[in-house]
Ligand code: MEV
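Below, in structure tokens: the form predicted alone, a single chain.
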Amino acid sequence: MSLSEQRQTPKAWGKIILAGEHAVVYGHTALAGAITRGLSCRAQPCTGGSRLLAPDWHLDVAQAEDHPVARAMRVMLEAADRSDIIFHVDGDLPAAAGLGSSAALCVAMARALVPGIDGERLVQLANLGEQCFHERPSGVDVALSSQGGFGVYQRASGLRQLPCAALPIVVGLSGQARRTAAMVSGVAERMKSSAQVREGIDELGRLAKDAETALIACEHEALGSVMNACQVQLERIGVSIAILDAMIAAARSAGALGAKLTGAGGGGAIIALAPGREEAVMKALADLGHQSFVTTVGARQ
């Protein structure tokens, strides 16, 4: 199929991290899942230079600009031996919210650039673009965006898929954008002088294993407790902020078994496990002025 004949590529999923964010950067495992929100992309030949159009994000970026999307375009176009392409991106995945939007964008772009691309080749091409957004991407976002499902991710071994039942979860949006690279760098700097931060990272890695056990056994109360314990450690390493803390407290008060930030922190989103209480949690977040939605975690291509 030529680029001119291409209409729509498969969706690239967004993701949430149930346990292990930040710890995964240092070799620990992270438990994460793809969500039923994502992006699609089509590639249209053009003249006069490449650009990317994403109306849902109010984004129009030319290849030559000094912008992370432009940098990602340049490296991916070069790697795929393509030029003069307009990328048309659409979807329902919020940007800069800790939901894997940059990875989903890169996976969707890779599929548009190279029809039929899959497996390790897809991951490699998408990761080239993802590196333009984050200084030290763990790789979990691209792995889940391309494969879907639940997985345990570790830098050394990649993504290990888990045969778990899909799980409904509430995602609450803080409305405060954050940069993953800046948050990761901040943790790295604090680790140099703080035993508390180093211990927090190790505990987050241990908790990810507990979360995996609970998820496989479908023990929602146990999983919720682990999520709450993760939030304690995320506060300990300095990546939670007052707005997220307030959202998490509201979700728990409304009946969530567990609630925590997801992703790098410093803004972005929270997640809440609240089987049968999702509407109550969403109302509690709305009362604080925050948008939210229920999504299914463990989506598959």
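The model shown is predicted, which means the values in this text are computed figures rather than measured ones. We number the residues from 1 along the sequence you see.
FYI, the form predicted in complex with (R)-mevalonate isn't displayed, but the following is about it.
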Please tell me whether any heavy atom belonging to residue 25 falls inside 4.5 Å of a heavy atom of (R)-mevalonate, as the geometry stands in the predicted complex.
yes
With the cut-off set at 4.5 Å between non-hydrogen atoms, does residue 137 touch (R)-mevalonate in the predicted complex?
yes
Considering non-hydrogen atoms and a 4.5 Å limit, does (R)-mevalonate approach residue 38 in the predicted complex?
no
At the 4.5 Å heavy atom threshold, is residue 180 in contact with (R)-mevalonate in the predicted complex?
yes
Heavy atoms within 4.5 Å of (R)-mevalonate in the predicted complex: which stretch in 243-251, 63-71, 259-267, 50-58 meets that?
259-267
With the partner omitted here, the residue among 152, 173, 184, 117 that in the predicted complex has a heavy atom within 4.5 Å of (R)-mevalonate is 184
